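Only one chain is included here, represented as structure tokens and corresponding to the form predicted on its own.
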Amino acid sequence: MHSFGYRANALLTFAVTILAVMCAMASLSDNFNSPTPSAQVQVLNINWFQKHQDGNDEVSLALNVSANLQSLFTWNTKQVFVFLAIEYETPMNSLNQISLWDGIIPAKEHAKFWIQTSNKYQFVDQGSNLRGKDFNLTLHWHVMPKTGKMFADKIVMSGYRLPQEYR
């Protein structure tokens, strides 16, 4: 007969193997989910658009953000991190990204939202490159699963422009 130690080791090894198989199946099952999130962002107002003494441009925007991210949630989703970024080009950089707003969505019930806000973080450009600049607003999200790998995606909304003059 085998001793107690051998039996405990066999039982623990079997339990860990079953747990690993279940985690792998859970992770793979998320690949069958085809999310269809939607979002809209409106720029309600440009609160201020000014040039600092050091030559940098600063903008404050009033935004209306509405999104339906419920399709991102499955039984394996722990939470979703979402943020709104502004993206534009300057002569110095081909892509500038600045986060304007972010949030954590803990459950599917909170994944359909509408908020009216101004940018949570400063929108400052190095130099005076923003007058008359076209820009995109991009809603990014990162899905954090209970088990498996994290994935990210985004919705790009284009057709926005800053004014020619400072306010």
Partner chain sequence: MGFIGETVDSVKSIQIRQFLSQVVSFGMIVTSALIIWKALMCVTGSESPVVVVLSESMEPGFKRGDILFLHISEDPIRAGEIVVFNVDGRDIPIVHRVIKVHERLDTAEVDLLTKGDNNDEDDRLLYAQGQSLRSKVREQVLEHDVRHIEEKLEEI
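Numbering follows the first chain given and starts at 1. What you see is a predicted model; the values in this text were computed from it and never measured.
Heads up, the form predicted in complex with its partner chain isn't pictured, but that's what we're talking about next.
Screening Gln50, Gln122, Asn45, Thr36 for any heavy atom within 4.5 Å of its partner chain in the model of the complex leaves a single hit, Gln122.
For the options Gln70, Ser118, Asn56, Ser66, the one in contact with its partner chain in the model of the complex, meaning a heavy atom within 4.5 Å, is Asn56. At the 4.5 Å threshold, heavy atoms of Ile104 reach its partner chain in the model of the complex.
Remark: Asn96 counts among the residues lining its partner chain in the model of the complex, judged by a heavy atom distance of 4.5 Å or less.
Using a 4.5 angstroms limit between non-hydrogen atoms, Lys108 is distant from its partner chain in the model of the complex.
By the criterion of a heavy atom within 4.5 Å, Gln126 is counted among the residues contacting its partner chain in the model of the complex. Along 10-40, no residue reaches a heavy atom to within 4.5 Å of its partner chain in the model of the complex.
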